[in-house]
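Read on for two forms of one protein chain; each stands alone as structure tokens, with the labels structure 1 and structure 2.
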Structure 1
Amino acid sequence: MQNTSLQFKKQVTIKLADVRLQDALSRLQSRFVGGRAAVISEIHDLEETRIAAAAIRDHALNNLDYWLQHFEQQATARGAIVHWAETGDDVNRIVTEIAALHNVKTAAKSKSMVSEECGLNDALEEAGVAVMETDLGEYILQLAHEAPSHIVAPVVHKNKEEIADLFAEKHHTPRKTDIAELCREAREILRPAFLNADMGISGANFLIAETGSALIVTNEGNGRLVTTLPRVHVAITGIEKVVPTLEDVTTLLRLLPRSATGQSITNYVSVLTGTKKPEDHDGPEHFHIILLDNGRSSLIGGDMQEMLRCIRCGACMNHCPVYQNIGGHAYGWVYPGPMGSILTPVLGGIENSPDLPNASTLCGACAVVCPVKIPLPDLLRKLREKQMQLGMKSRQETFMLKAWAWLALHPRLYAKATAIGVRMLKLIGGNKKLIHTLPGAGGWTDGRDFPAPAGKTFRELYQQGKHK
């Protein structure tokens, strides 16, 4: 998938003015934010579970070479073939070679963000393999020729009316608006894809080193059909997804669905181990597992390693006030929200996405809800510091920050300057006590009004309160 993060500011302006998008994004509050809050309390030892989950991920990352090799040994012993891919292009080459080896003409895909990262569908189509996305959201996006806007609910930016129009146009059927009817229509199109596909392609939420298994969690039966019906199954995931044992996975699965979709558990948890045995009723005859690096290994041992804990639940973006207002497409790559504001710069180069580390209020909501305790605001702050060190900030911003830093080191001058500043802002606010335009910082007030301060600094108000 092409990285268009350089157009972030332009896209933000477009997305904020998109009435349909704003209406669609409002559903995040009830579906995901409210849903998570309703079920997360079921974990009575929540904080201890989060600490344990973070420790599991840290242990795997601190010993990544060992657990990956152990995973390869166990997977190979059970009939799978493990491939190592340094880049997304390597993934595409490996998959197309597998397709050619097995004379694959059609492929059915379960949802996979890593395949989006690599642009796999385009590569397969160029190689003459017809690809069908079978996750309902991804299928809708395939028809619309759009990228996902969310890692869990990829079509969250569209409403029912838009999907009804799309199905009527692409399926050449009477327009339907009932959700059950739309789902049935999609099912009738997709069912032959499962039955006729030569190859099934999936991601993997986790790789279990103990058994050499790939684990996927889904809410639609497509994931299970894609991984068991075709004679060839290819699972593609990042090297950071390995965990040592099945017991470790059970800890992570207590948190993943609750954080992602507000469910105690997803409808399907599939542990995929090896190839079909003579006594098995289903399963692939050939099982290939592709482990992608694509910059991940460069984070090991560095100040961004904690980002590799991510279990792709999407909770950070669901609770992020920036994502809630602009959606996922504005971020310009596969991973949106706070996680994307870190992953995109560190995997694709900070020079290619200079605005993303600043696309956050640093309110901390993302860190509070992260099931594996990734300190997302701290990592964003480190990227901003790196931008300063590399001279990537504008002269105006650099001057303002240096001026503020100098002033902050001189408390008496700071107190006088802030006292003058709050009084001026009170005057600008006028009778309505609202600041419509903030001098020198128009970006903050282009789309909102700021409440004017009371005309006194916090210190002055505090001193007043002490003497009452």
Structure 2
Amino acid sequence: MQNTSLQFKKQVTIKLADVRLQDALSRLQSRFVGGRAAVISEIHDLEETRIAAAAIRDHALNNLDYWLQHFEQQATARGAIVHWAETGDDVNRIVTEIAALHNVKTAAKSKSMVSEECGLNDALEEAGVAVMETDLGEYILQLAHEAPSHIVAPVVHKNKEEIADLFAEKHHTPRKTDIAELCREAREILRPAFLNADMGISGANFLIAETGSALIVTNEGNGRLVTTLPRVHVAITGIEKVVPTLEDVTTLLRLLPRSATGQSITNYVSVLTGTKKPEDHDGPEHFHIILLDNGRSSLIGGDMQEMLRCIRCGACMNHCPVYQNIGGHAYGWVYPGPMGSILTPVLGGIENSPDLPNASTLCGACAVVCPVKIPLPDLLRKLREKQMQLGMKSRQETFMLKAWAWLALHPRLYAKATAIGVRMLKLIGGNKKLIHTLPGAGGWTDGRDFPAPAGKTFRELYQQGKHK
């Protein structure tokens, strides 16, 4: 997928003015924020479980070479074929080759964010393979030629009226607005796609080294269908998704659905190991697993390694006041929200996404809800430091910061300057105590008023208090 995060600021302005998007985003909060809050307390000792989960991910990442090879060995012993891909283009080439090898004409696909990184669908279509997205959200997006705006709920930006129009137009059926009827229509249209597909394509939420298995969580059942019915199954995932044992993955599973959708467990958890046996009546005859790097290995051993703990629950974006207001598309690549504001620049080059590390108030909500305790605000701050070191900040920002730093090193002058400053701001604020335009901070006051200070600095008030 093309990274368009250079246009972040422009996109934000558009998204903030998009009434339908704002309506859709307001629903996200009640369902996901409220949903998580309702079930996360089911976990007996949440903090202990989060610490254990982070430790499992850290151990896997600290020994990533070992666990990947162990996984490969076990998966191969059970009849799967493991491929390694440096880039998204390599994934596309490998999948296209697999399709050609097995004479694949049609593919049914369940949701995979890693395949979005690669732009796999376009590559397969070019190679003459018809691809059908089968996750309801992804199917809607495929019909609308749009990209997902959320890693768990990809079509969160659309309301049912838009989907009703889309189905009526593309399916040539009477327009339906009942959500259950829309779902039924999609089921009936997609069922033959599952039954007739030559190849199933899925992601993998985890790889289990102990057994050489790929684990997939789904609610709709499409993940089970695409990994059971077609004669070829291709699972594509990032190299960081490996965990050592079944017990390790079980600890992570207590956190993943609760953090993602507020479910104690997803309807289906499938642990897939190897190919069908001769006596089996279902299951793929060929099972290919593609491990994508795409920049991930460059994080190992560095100050961003903690980001690779991520289990893609989406809790950070659900709880992020920035995401809640602008949605996912503004971020410009596959991964939005706080995790995306880190992953996009570190995987795609910080120079291509200069605004993303700054698209956060550092309020800390994301770090509080992250099931694997990724210090997201710290990582964002590290990226900002890197930008400063690389001279990527604007002249104005650099000048302001330098001026402030100089002033802060001269305490008496600082006291005088701030004392004058707050009095002036109080005057500008007037009776309403609100400032509508502030020279040099127009970006801030264009969208809202700046509350005027009380007219005295902290140090003045402190001195007053001491004499009482």
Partner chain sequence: MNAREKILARIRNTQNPAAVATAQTIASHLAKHPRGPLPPQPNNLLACFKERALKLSSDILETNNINDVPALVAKYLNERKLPIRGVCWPALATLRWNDAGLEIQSHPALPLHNPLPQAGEEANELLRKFNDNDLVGITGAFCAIAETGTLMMLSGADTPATTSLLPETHIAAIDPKRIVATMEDAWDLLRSENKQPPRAVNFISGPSRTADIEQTVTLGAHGPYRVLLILVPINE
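Residue numbering: sequential along structure 1, first residue numbered 1. Nothing here was measured: the structure is a model prediction, and the numbers come from that model. Throughout, rigid core stands for the largest set of C-alpha atoms superposing within 1.5 Å between the two forms.
Working note: structure 1 is the copy from the form predicted on its own; the remaining copy is not. Assigning each C-alpha to whichever rigid part's superposition fits it better places residue 393 and residue 432 in two different parts between structure 1 and structure 2.
Smaller rigid part rotated by 6 degrees relative to the larger one between structure 1 and structure 2 (C-alpha superpositions, whole degrees). Note on residue 459: its Cα is shifted 3.9 Å between structure 1 and structure 2, core used for superposition.
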